[in-house]
Structure formats: C-alpha cells, structure tokens
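Below, in structure tokens: the form predicted on its own, a single chain.
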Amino acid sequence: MRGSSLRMTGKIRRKASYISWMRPQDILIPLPAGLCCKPGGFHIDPVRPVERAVITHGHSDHARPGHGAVLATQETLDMMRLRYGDNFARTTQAIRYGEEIQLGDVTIKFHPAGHVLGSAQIAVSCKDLCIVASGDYKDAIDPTCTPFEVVPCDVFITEATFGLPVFRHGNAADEVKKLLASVALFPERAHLVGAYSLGKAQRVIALLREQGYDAPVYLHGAMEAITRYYESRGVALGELRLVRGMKKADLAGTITLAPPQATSDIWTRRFPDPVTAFASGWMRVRARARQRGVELPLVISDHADWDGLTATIEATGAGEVWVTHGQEDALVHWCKARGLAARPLDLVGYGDEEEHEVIAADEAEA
C-alpha cells in the first residue's frame, strides 16, 4: 500500500519504481490477444475471445463479444448488451470507479477516463508497483461523462490516437458555434453531422444545448438506442426525434446526427440541400475533410490531443511510459527526450472508432 507522499509528487514515485523487485513486464505483457496480466489471469480489452476480460469502455475495438467473463463498469456492460445482445459473455461483473478488486496476485482499480460514458482507466497493482492502462481518454470537459482523473503510477500506458504536435483540438464549444452559425446562415438547408453513435453524438447534442439551442435534434435510427440509454443515466439531451417518417421540407433548418458513413450514402437524399458536417479530431487535417466531402469540418474529439497526452504523462509522475494504438513513435520520442523510459507496445486490432462504425441492415434506412 502506498503512503500519501508517493501520490503527491511524481519525483518520489519515479524513485519507487526502480527499487521495486518486480518488473512491469512481469505484470502486464502484450500478446496477440491483447494486453495480458498473467499474475491476475486476465486480459485488458482483448481483441479475441479470452477466459477473463477487463474492459475499459464500450467502443467496439475495445469491447468485443465472446469472452468467458467480463469485468467493466455498469455503463460499459450495458453498452455491450445493447450492441451484442444479452449473451455477449458467459458471465459479467460490474465495478464502480474507485472500487478495488483482487484478481489472482494483483489488485485492480477503475478510474474515470473521460472518453465516453462509463469509460475507465485500469490501475493494476502488484507489491509496490502500479501500472495504469488508460484505454482511450481525454482531459477536455465533457458534460456527458465523468471527467478524466489523473492517477499517479509507476508505469503509464497511454493511447496515441492524436499523438502528433499538429493535433491541438481547441475548444469544442467554438466548433458547435460554427455549426449554429451555419444553421442561421442557411435556414433553407438541413445540417447533417456525422458523429460516432457512442459518445460523440451525445456530446455534440449536449454542447448544442449548452449554447442555447433548444429546437429538436434529429437522429438516424442507429443513434437511438445508445442515445436513449444516455438519457436513462441522467444525461440531459433535450427534445430528440427520429428522422424516419419526416417530410423532406420539414427538415429544412434542422440538425441531424448520423453515423459518419450515413452522411455519404443515399440516405441523405431525404434532406433538403444538406450541409454535411463531421465531428472528429481528424478534421484538423484539411485533406481528410476534402477526401470525405465534408462541407463543415468540426474539430471535436473524444481523444486527448498532443497537449493533453503530454500533460497527462507528466501529471501521472510515471517513470516509464508504454504507448499504444496511434502515433506511437512521436510520443515515445517526446518521453525519451525528457528522460522517461518509453516504448511502443505495437498492439494490433485497435483503430479510430470515429471512422469505422458499421450500420446494421435494419438501421440503414432509419
């Protein structure tokens, strides 16, 4: 058990990691199935079925069906049920933020990751060594989920989706103001906002409400179940309506949220002269926006940008950093230049959920 002094300063924690008799790789090791904790008998966000899985959040590249037992927050378990059905795993167990559970020879504790509703960082402790697997995270304000919590540790495993200095997301509220300005400028046109169904869509709606937009927000059918679930967990999103059954003329001047791929197919023909927008950190890259035919790029991301990644690494006080899924090399170089031990994990099977959402056949015409 660490004393409070170890949690107060990163400098003291860095010394602690080097006097420990246990090495980090004795606790967690990357394997083809994912990050494996052999002394605990589990994998974190495994990409193939395993006997025991500990899941950071509900996005499909991290939360997959077919495991024997799944441990996650209640929200993540519920998201998995919505997507995969009740039998997505043989057994499940919910864990709360701040709750500790002993698994084999290690103790695990979940902390908020600020990525989406129910997302968690997983602190794995054994003897006097603590490793934190961040999953996906962001340090920006988000009214739809519990804020990110810095967790002091010896080894920090960080994502690097936007791990290049060019990626600085800015204020998401300013991007929503751009959307509202466009709606005011083109009242005869519908605005279609491509956004991932879990997390991004609900955040955009909440940001619209914070800016005083009180008109109904329309949803593609693929958005409904998860968005209604957010509401059931106390996230206020205002009046929501499905696009299904609406007359084309009645959608002029409205805002509709849809999965990214729906904004570029025949589904859009039901809207009057639609303005296509896309809410994503990738919209910082103009070539990406042009490639997708996006008229109104909105730089809104549920991942930490370069400044968020580097600030978080420093705040943890970790003396060693493992980097995964994203721009690994740049962040590893940044760490080493500051005297931190760092390496890429080279895990495969994780991607940018914002661009790879699959719409079910019964939702394609929603």
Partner chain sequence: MNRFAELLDRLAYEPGRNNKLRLITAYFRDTPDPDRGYALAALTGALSFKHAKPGLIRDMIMDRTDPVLFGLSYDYVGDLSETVALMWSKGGGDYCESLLGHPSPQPSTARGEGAQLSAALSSPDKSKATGKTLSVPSPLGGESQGEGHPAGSASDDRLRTSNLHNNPPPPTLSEVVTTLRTLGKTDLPKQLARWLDELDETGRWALLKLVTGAMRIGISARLAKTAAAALGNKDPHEIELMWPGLAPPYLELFAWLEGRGDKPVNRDPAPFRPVMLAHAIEDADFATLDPADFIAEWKWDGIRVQAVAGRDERGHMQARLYSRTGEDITKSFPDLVPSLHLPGAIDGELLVLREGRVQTFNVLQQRLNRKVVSPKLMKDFPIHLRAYDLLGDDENDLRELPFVERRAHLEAFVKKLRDPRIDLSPTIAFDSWDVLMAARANPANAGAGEDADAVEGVMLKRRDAPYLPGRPKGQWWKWKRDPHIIDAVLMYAQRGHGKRSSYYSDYTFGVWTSGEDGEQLVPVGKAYFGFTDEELLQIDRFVRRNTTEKFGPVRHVVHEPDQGLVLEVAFEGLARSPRHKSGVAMRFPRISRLRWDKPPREADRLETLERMLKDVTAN
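Predicted, not measured: the structure shown is a model, and the values here were computed from it. Residue numbers count along the first chain shown, from 1.
The next section is about a form of this same protein that is not shown, the form predicted in complex with the partner chain.
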Please check if T144 has a heavy atom lying within 4.5 Å of any heavy atom of the partner chain in the model of the complex.
-> no
Indicate whether E224 is a 4.5 Å heavy atom neighbour of the partner chain in the model of the complex.
-> no
Hey, in the model of the complex, is A311 touching the partner chain, heavy atoms inside 4.5 Å?
-> yes
Is there a heavy atom of R83 lying 4.5 Å or less from a heavy atom of the partner chain in the model of the complex?
-> no
Answer key, the partner chain contact in the model of the complex at 4.5 Å (heavy atoms) among I101, V150, A94, L242: the residue is V150
Partner-free chain; cross-checking the partner chain in the model of the complex, the single residue of K127, R288, R90, R228 with a heavy atom within 4.5 Å is R288
Within 4.5 Å of the partner chain in the model of the complex, heavy atom basis, the matching stretch of 302-310, 22-30, 41-49, 61-69 is 302-310
Every residue in A215, F278 and R343 with a non-hydrogen atom within 4.5 Å of the partner chain in the model of the complex?
-> no
Within 183-197, which residues have a heavy atom closer than or equal to 4.5 Å from the partner chain in the model of the complex?
-> L185, F186, P187, E188, R189
